[in-house]
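Below you'll find only one chain, the form predicted on its own, shown as structure tokens.
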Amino acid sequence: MTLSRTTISGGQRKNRPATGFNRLMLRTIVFCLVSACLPLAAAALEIDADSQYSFARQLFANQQYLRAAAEFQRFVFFFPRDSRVPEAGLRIARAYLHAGRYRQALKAADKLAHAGYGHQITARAYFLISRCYQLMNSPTQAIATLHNLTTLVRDPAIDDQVAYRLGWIYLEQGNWEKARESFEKVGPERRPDLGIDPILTDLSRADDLPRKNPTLAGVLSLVPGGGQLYCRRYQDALIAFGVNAGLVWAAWESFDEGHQALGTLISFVALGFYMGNIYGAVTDAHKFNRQQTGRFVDTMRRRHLDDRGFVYFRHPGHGAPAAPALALRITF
């Protein structure tokens, strides 16, 4: 068999390879490589439900919430008939909630609430929806969601959970009376588990919190700095008194020396500072009351939520970030 042939062109001798033979060798090599890699590729593409679910849970535990949400979604997509799909849906919503993606969490929880997985899953989805509304600074919708749940699902255990969460929402708002009424609706069987009696005992102290009357603060500010002094803002009181007294003295001196135009101008400026002093005192009274409420709510959280698997956000009246709400780790 002749593998190559020799030709002479232009006085040079060239060897041309046997093209058919080379192609055959190349195809053989490619076939062997593909045959060897196919089992490896198949093993790499194989997805195991338990491994996928465990991986997503591990990401969640490591606080990689967005990655966890993506992996739980992958689990739901590849294993739609797995019994853990409803739980994975809840974890998707919770992951977005912890990541601060409240609208995505709301969408995921709402989808789960209408999927027909049973009362327990529906209730937990509604609790997450309510929590999302809280974190989005919509407590009215959060409360309405919980009331809708009680009409949708008739279950004493869920009713107790709703009353418990409503109590905390009202407590967040500083509405002590409604919070007390909600906590008292929890049935006797679940009161010890939820720590209702200690909560009510501490909540009774809310009426004794120091408060400042905004109207009285404004009246006392008729004497510059009086309202600030009443609100325990001693430095502000000193500044208000000093600025207003200085402007009054400057206007008096201007009029006394015959500078009518200057005296009038300073008088207008002094009037503005005087009115600002009154408005500031009223604002300080409201701020004082919010701070007292915030500190009380923070104390209630530390005493009654930390040991029960709750994650919470600080109250806005006490050096808090923007989101004034609770985020609960809900279990049944």
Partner chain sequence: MRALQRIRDLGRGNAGLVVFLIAFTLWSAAPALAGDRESATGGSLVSSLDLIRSVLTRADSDRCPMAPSCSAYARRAFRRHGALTGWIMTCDRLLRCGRDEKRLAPRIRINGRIFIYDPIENNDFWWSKKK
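None of these values were measured; they are calculated from a predicted model. Positions refer to the first chain, counted from 1.
The form predicted in complex with the partner chain is left out here; the points below concern that form.
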Let me know the one among Arg165, Arg94, Arg233, Arg124 whose heavy atoms come within 4.5 Å of the partner chain in the predicted complex, would you?
Arg233
Of these, Leu152, Leu209, Ala261, Ala245, which has a heavy atom no more than 4.5 Å from the partner chain in the predicted complex?
Ala261
Applying a 4.5 Å heavy atom distance criterion, does Ala70 contact the partner chain in the predicted complex?
no
With the cut-off set at 4.5 Å between non-hydrogen atoms, does Phe77 touch the partner chain in the predicted complex?
no
May I ask you to check whether Leu216 falls inside a 4.5 Å heavy atom distance of the partner chain in the predicted complex?
no
Using 4.5 Å between non-hydrogen atoms, is Gly294 touching the partner chain in the predicted complex?
no
Joint contact, Ala115, Ala144 and Asp159 to the partner chain in the predicted complex, by non-hydrogen atom at 4.5 Å
no
Would you mind picking out the stretch of 61 to 69, 296 to 304, 280 to 288, 47 to 55 that comes within 4.5 angstroms of the partner chain in the predicted complex, counting non-hydrogen atoms?
280 to 288
Partner contacts for 267 to 283, taking the partner chain in the predicted complex and a 4.5 Å heavy atom cut-off:
Phe268, Val269, Gly272, Phe273, Met275, Gly276, Asn277, Tyr279, Gly280, Val282, Thr283
